[in-house]
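Let's start with one chain on its own, the form predicted on its own, as structure tokens.
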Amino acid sequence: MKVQSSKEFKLQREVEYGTPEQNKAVKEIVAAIKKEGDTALLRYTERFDGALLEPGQLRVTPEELQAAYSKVEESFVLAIRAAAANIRAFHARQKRNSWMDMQPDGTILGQIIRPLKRVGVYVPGGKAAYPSSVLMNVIPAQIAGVPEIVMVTPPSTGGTEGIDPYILVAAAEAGVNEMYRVGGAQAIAALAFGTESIAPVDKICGPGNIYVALAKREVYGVVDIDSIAGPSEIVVLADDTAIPSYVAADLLSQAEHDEMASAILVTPSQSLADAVAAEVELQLQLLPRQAIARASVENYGAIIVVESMEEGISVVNRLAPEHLEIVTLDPMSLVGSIENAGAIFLGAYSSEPVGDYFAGPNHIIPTNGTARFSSPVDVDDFIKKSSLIYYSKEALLRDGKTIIELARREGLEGHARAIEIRLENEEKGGDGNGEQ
């Protein structure tokens, strides 16, 4: 990794909107699914996944979910259960309730919180199969009270029903009972518009490749989506108390995700910077995904040497990273200065994978600098709110002229008259029906 000063470092972040060819292909797929339903869905599944399916084979059966347990290690099942318990406990604290405020004049103001009715969860397959993402999407939706959670994931290339058994077990442990073997842009379109086999949803969440991301962007407005996620990012803010091998390992833990992933160290210590650069090169040799990680650190990685920790914090806030590790003598003292970060990990033993898999907070976190204005997935992502207003006669008589004033200043006479007619009726001693 290149060691450079903060003055030399240039932040170059590009939001991935795909090539014109990719966008055209996604628009065609979405339009075909909307028009043809299952016919197009099966056609694209055969073309892109090599799976020749009949309509009745789209849905994963309960027997398949149970059979997957024989294909995974018992240690994995135990690990998934432990992680699920932590994730459930953390997100349970986020749940909010409806409320009402009754005022002395009889007016009632409040907010009604309801879960979304039906949510679609996309889970990647193939080389990017992430069972942990099943838990991170499904569990918050369950805690929110979503009654229908449907999962889609692509079948294995060349297979009619092959799905990664670890994904199936994670889905079963999370309590998913509706799952389909479809992927790509065609799966997103099916969730948004519905087909003969798949009922439409209210929201789509979950990571995917560029075609999935573009399809989510295409259907947004018909349904809600979580985000248009970019490549993974990590920034480590460290001083000379940090252990170079730990820092290097954490940087590479994100670099191995994707050739476009970003791994950056920010430090006022030149000696740490040099030691981490050497450690990254040593540890790269040991990674099975060495080619991916090397491309990431060479093209999107950096070691930035700053003049002070205050300058380092400024750099971090400008980067607004998805993951931020603070590995300093007293990391807690710096938390209040961090304005922009998706998830913050404190201390030498809070390695980013602790949050990815096990601690409990969600690992679906804003990328591409969007931590400036957005947050990790949580229970609120799966609810909707309705405002409740019950205005008493006393309150309307008191506030009516003020409301009329505001309405007429906006040129909306109908609004003003809707209030005025009630005031006039009350002045005449009316019975509420406009009659005396």
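One rule holds for the numbers: they count along the sequence shown, beginning at 1. Source: prediction; values computed, not measured.
Not on display, but discussed next: the form predicted together with another copy of the chain.
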Which residue among Asp202, Asp105, Glu311, Glu178 has a heavy atom within 4.5 angstroms of another copy of the chain in the predicted complex? Asp202
Among Glu148, Asp274, Glu259, Asp224, which has at least one heavy atom within 4.5 Å of another copy of the chain in the predicted complex? Asp224
Would Glu233 sit within 4.5 Å of another copy of the chain in the predicted complex, counting heavy atoms only? no
Closest heavy atom of Ala291 to another copy of the chain in the predicted complex, within 4.5 Å or not? no
Contact with another copy of the chain in the predicted complex for Gly414, defined as at least one heavy atom pair within 4.5 Å: yes or no? yes
Might Lys117 be said to contact another copy of the chain in the predicted complex, defining contact as any heavy atom within 4.5 Å? yes
At 4.5 Å between heavy atoms, only one of the stretches 181-189, 298-306, 207-215, 238-246 reaches another copy of the chain in the predicted complex; which one is it? 238-246
Check for me: heavy atom within 4.5 Å of another copy of the chain in the predicted complex, for each of Pro20, Ala32 and Arg59, yes or no. no
Just give me the residues of 407-428, first to last, that have a heavy atom within 4.5 Å of another copy of the chain in the predicted complex. Ala407, Arg409, Glu410, Gly411, Leu412, Glu413, Gly414, His415, Arg417, Ala418, Ile419, Ile421, Arg422, Asn425, Glu426
